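Let's start with one chain on its own, the form predicted alone, as structure tokens.
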């Protein structure tokens, strides 16, 4: 499993529009398949062929499918069962990963890093904070996913529900909102207080509030968009006379 885990970091390395993650999926699974079918080259070739077929999911949660697929192969599941299983899990793993990582965890950690930067931590400590905290969650999710898939096999859907990752994503949403407000307060009390006309910032904030009420619920990955806007604002403010360098 160790080799499969390490290879899972390269699952997007051969991404293409035909098989998406399929080639990378087979590459990550190959060490386990070789052990299972070391006495049967034909079966190994057939297994590699079926796992290079179309597959797509969130890269951080692909380990769930990798572990479960390897467990199915060990149990001698037929080719049709393996295909149906992978087809069934790819959508939920993609959706859950997008909500948990791209729309919740990444923006929350990025906003927290910006907050501590503007509180005076400096770019080095802020960058280190982001890299350590973000990757702690990222690596933990990868390790858990591979172990959960292997131990649960075809029953991995129940393991995902029990883990409550969807609920975790929902809880991270308000955290990101609080951090966004904290960042605005820190900027307003510091760099923005001396940069430009205060009325301009009030007008921009009011426009953003109205736009959020009117169309915020339709925004694509709203938390991620908010983070990008916050980073852009930091860059602009830093370039203004009186802004932080």
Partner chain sequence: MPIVLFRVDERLIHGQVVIGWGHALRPERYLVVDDDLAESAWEQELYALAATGVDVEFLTVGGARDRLDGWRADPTRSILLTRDVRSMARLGEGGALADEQVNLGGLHHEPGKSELLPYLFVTREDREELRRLADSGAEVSARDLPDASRVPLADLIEA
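Residue numbers count along the first chain shown, from 1. These numbers were taken from a predicted model, which means no experiment stands behind them.
There is another form of the same protein, the form predicted in complex with its partner chain; it is not shown, and what comes next is about it.
Every residue of the trio 90, 95 and 155 has some heavy atom no more than 4.5 Å from its partner chain in the predicted bound form. Contact check for residue 168: every heavy atom lies farther than 4.5 Å from its partner chain in the predicted bound form. Although the partner is absent here, residue 54 is a contact residue: one of its heavy atoms lies within 4.5 angstroms of its partner chain in the predicted bound form. Among residues of the shown chain, residue 85 is one whose heavy atoms approach its partner chain to within 4.5 Å in the predicted bound form. For residue 160, a non-hydrogen atom is located within 4.5 Å of its partner chain in the predicted bound form, even though that partner is not displayed.
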